[in-house]
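Heads up, the chain below is alone and in the form predicted on its own; it's given as structure tokens.
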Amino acid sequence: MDENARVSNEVVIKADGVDFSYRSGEYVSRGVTGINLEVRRGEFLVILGRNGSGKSTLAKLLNGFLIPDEGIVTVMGTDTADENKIYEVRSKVGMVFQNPDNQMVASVVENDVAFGPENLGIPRAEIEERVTEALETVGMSEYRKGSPNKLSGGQKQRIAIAAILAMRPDVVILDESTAMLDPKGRREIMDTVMNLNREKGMTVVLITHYMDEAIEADRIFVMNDGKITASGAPKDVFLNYDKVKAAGLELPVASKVSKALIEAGYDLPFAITDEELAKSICRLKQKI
């Protein structure tokens, strides 16, 4: 799908001056402060931050799991604080969490994927259609009749994504959905996410602390101590290394190497992917 056709100017989620704190008796712990952001239809947006930065709190605010203390979050124009509209909000913004085992509700894969639509009262024939389409989208059709318990972590997470897709949301938020997976499982999920966004045009918000997962994003928001401290296209954010470092994050490997070569005096463009770095080095070698 052409990128210009994929990302529109329509704002599907907006946070305006959002603050949120956790309270337990007299104890108050700040979650996020002064959050302003917009998610556009068709966008692949990444929220980066180390543990405790507030990124998962923000994820839950974006689909109404949490309600702001101050400010407002709207989903396609609907205020998430409107109790009468919270079901509508959550049907438009689906969330995939960190632990795939906690998201399994049935002993057969197709039943797990069908659970959401069944609770919506969708007719049986349409549920079958949705389940088939969702499993095809995540590449798990062959496991339809199998048990989720026999799947790998990455495969379970793909089933969790299929279960959300069967609800036909406008936006999918993945909250640290690769954190408990091995490298192969992480790659499976990222391939699935990229297919959803690039080929299907799905709006995706990825919450992560893995820098390499942010490389393909349309935009990145960096969080530190409950605040957004940097935002923009990946290359622009990674070029601003001081803010990345202050947030407790490291550059992707290709950017680290590229930065070191540039600082050593080599005439190279700043790279964020292995492919960009390899091409730059090849061109440099041809000049020598």
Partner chain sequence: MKDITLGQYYPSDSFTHKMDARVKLVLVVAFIVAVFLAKNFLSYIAVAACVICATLVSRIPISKMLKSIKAIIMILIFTGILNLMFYNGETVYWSWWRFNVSLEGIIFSVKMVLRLVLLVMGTTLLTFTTTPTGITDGMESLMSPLKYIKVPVHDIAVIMSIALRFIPILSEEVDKIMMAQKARGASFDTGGLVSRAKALLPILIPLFVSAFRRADELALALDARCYNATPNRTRYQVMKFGWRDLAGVIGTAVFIVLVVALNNNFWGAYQSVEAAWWLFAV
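Numbering follows the first chain given and starts at 1. This one's a predicted model, so the numbers in the text were calculated from it and none came from an experiment.
From this point on, the text means the form predicted in complex with its partner chain, which you will not see here.
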Using a 4.5 Å heavy atom cut-off, state whether E128 contacts its partner chain in the predicted bound form.
yes
Just checking whether Q103 would be counted as a contact of its partner chain in the predicted bound form - the rule being heavy atoms within 4.5 angstroms.
yes
Contact label in the predicted bound form: S152 to its partner chain, heavy atom within 4.5 Å:
no
Check L181 for me: does it contact its partner chain in the predicted bound form (non-hydrogen atoms, 4.5 angstroms)?
no
Verify the flagged residues S107, R144 and A163 against its partner chain in the predicted bound form: is each one within 4.5 Å by a non-hydrogen atom?
yes
Which listed residue (A114, I215, V73, M140) meets the criterion of a heavy atom within 4.5 Å of its partner chain in the predicted bound form?
A114
Of the candidate stretches 24-32, 259-267, 39-47, 60-68, the one with residues having heavy atoms within 4.5 Å of its partner chain in the predicted bound form is 60-68
In sequence order, which positions of 56-94 have a non-hydrogen atom within 4.5 Å of its partner chain in the predicted bound form?
K60, F65, Y87, R90, S91
